[in-house]
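Listed next as structure tokens is one chain, alone, in the form predicted alone.
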């Protein structure tokens, strides 16, 4: 027989403590985050072209000089939704390297009171004018507001809003973005008291969706081989497998057996949601094989501290059950390192 009761946890803070905490939060409103961030390049046609091609935007005022001159704009303009793209900080640059970051202090304060979870609530864009090629854009970010404690379906929390204002080379504001998140304290889970039960067998891993184009890959793993699809005409390697060579469009292909050696190109560590057939934290790596293609797999005997981009790894094929073998990657040793 199972007895399930909802957990009841008293609010750890009194009304007076909440009021004092809210005053501390309000001290952050209006504070600037870092220094003014300048765009690496002026507004330019090549970036506009990449954007509209990626978005499938066919509006001629972005690339067609004749159409743009005949429009109310009198010349080429940039898509308004590109506004944040002109001032994105360089990849790999830490926000803290751009100056004071009171947002980090605000986050630490909020989390110290148990509001550790986050969900994006909304983003509001305002466009004051269209940008034109040659405009130079600067971003200024401030903490706009912090709400009093709110009761939501997710749990008690505070809405934190930041405002990003965009200015051109003359100091005129050209647009703004208000971004709001909810930092909340998760509701306690129901407490279940149950009779001890016999352990259940661990579920099998999800079955891969095999097709005619990819069946060879899993057949090879069952034989202890990591096979890469290879074009029979131009010798281009491709993974994931597919019916046609992207280089010469040939439909003829064969396979090449990989050495299984490579380098971690990227990785993620999955904590939630959890699937019973996996171990957690679930480390997923994108490995660039020495042959030049990349493959996604789990790790084997690699700690979180050892997991880093650029680390050399080698293939370990493991049989997960009677009809499924999968590739895993362990740290390389010896001459493979």
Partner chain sequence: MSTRQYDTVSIGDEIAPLPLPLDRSFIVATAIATRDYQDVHHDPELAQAKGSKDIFMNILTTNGLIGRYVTDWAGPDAVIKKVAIRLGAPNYPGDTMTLTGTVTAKDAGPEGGGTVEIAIVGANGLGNHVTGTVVVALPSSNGGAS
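Numbering follows the first chain given and starts at 1. None of the values given here were measured: they were computed from a predicted structure.
Heads up, the form predicted in complex with its partner chain isn't pictured, but that's what we're talking about next.
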Legend entry - residue 111, heavy atom within 4.5 angstroms of its partner chain in the predicted bound form: no
Inset, instruction - Look up in the predicted bound form whether residue 204 has a non-hydrogen atom within 4.5 angstroms of its partner chain, and give yes or no. - result: yes
Inset, instruction - Look up in the predicted bound form whether residue 180 has a non-hydrogen atom within 4.5 angstroms of its partner chain, and give yes or no. - result: yes
Inset, instruction - Spell out, yes or no, whether the shortest heavy atom distance between residue 57 and its partner chain in the predicted bound form is within 4.5 Å. - result: yes
Inset, instruction - Name the residue from 150, 132, 73, 265 that puts a heavy atom within 4.5 Å of its partner chain in the predicted bound form. - result: 73
Inset, instruction - Counting non-hydrogen atoms within 4.5 angstroms of its partner chain in the predicted bound form, say which of 27, 45, 284, 275 makes the cut. - result: 275
Inset, instruction - Among 247 to 255, 211 to 219, 101 to 109, 81 to 89, mark the stretch whose residues have heavy atoms within 4.5 Å of its partner chain in the predicted bound form. - result: 81 to 89
Legend entry - Contacts with its partner chain in the predicted bound form, stretch 299 to 333 (heavy atom within 4.5 Å): 321, 323
